[in-house]
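The chain below stands alone and is given in structure tokens; this is the form predicted on its own.
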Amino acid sequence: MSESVLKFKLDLPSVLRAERRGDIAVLWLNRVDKRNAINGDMLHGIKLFFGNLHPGIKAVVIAGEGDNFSAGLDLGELAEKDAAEGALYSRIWHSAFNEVQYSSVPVITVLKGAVVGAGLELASSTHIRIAERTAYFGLPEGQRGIFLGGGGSMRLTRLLGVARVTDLMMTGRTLSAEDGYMFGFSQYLVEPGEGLAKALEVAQRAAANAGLSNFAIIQALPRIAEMGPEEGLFTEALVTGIVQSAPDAKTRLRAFLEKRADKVNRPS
């Protein structure tokens, strides 16, 4: 196929589409007629995809087909659930999005158009977020009579702050792509149509890192951030010792000491 794009052989539901570009996987949310609203099939597919990554994949990009990343939860699946069913359904979301956050490889998201509700929660579970200027962020849960159920009360409050998440949920206010970048939710801000190319570029840079370093960044860093100071520093010391002892780390450190590796430079 053109551009070295290869389809995955995973039996994903039709609401998702996966392709491989070298050592980068791209997972597309594929419900254009519903603005990529997330339903049970999509949750199942996300968990299936991240639970069965090919060993040759070194980073994943998640993007939305059409003009939007995701307009949120498919409310039709929630309307008739009682309290117990609603709680159990929320735990299914937690399980799926934990697979993303604690993936074995870096996950980069391309945000455009609606990034709302559950779509914002999915984005918050990824490691690096790239927003096109068409993106806007919202949490209309208060207006819908519901509450966050995909881990947003944990992840989004840490990324945006409790007061800002409260405002979004209570008032229905939306944030622009520029707002999201200024508040630190997205790490890159690009022009419309440039998100995928930037995400692939960032994914390639992340994929070039030592695998154990990336694994420690993904697995250890968020957990250390939740610990007390002494526990966190002790855990950091243990992880540091393990990561720097890897053969790949030794090779990279020698390359730097022998001036065969790039130095850290000022931003261009």
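So that there is no doubt, residue numbering starts at 1 and follows the sequence shown. Being a predicted model, the structure only gives us computed values, none of them experimental.
Absent from the display: the form predicted together with a small molecule. The rest refers to it.
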Inset, instruction - Pick the stretch from 127-135, 179-187, 194-202, 110-118 whose residues have a heavy atom within 4.5 Å of the small molecule in the model of the complex. - result: 110-118
Inset, instruction - Taking 4.5 Å between heavy atoms as the contact cutoff, choose which of L175, V165, L148, V105 touches the small molecule in the model of the complex. - result: L148
Inset, instruction - Consider the chain as shown here, without its partner, and state which of A123, L160, L73, A96 has a heavy atom within 4.5 Å of the small molecule in the model of the complex. - result: L73
Legend entry - Any non-hydrogen atom of K58 within 4.5 angstroms of the small molecule in the model of the complex: no
Inset, instruction - Classify D33 as contacting or not contacting the small molecule in the model of the complex by the rule of any non-hydrogen atom within 4.5 angstroms, answering yes or no. - result: yes
Inset, instruction - Examine R144 and determine whether its closest non-hydrogen atom to the small molecule in the model of the complex is within 4.5 angstroms. - result: yes
Inset, instruction - State yes or no: in the model of the complex, is some non-hydrogen atom of A37 no more than 4.5 angstroms from a non-hydrogen atom of the small molecule? - result: yes
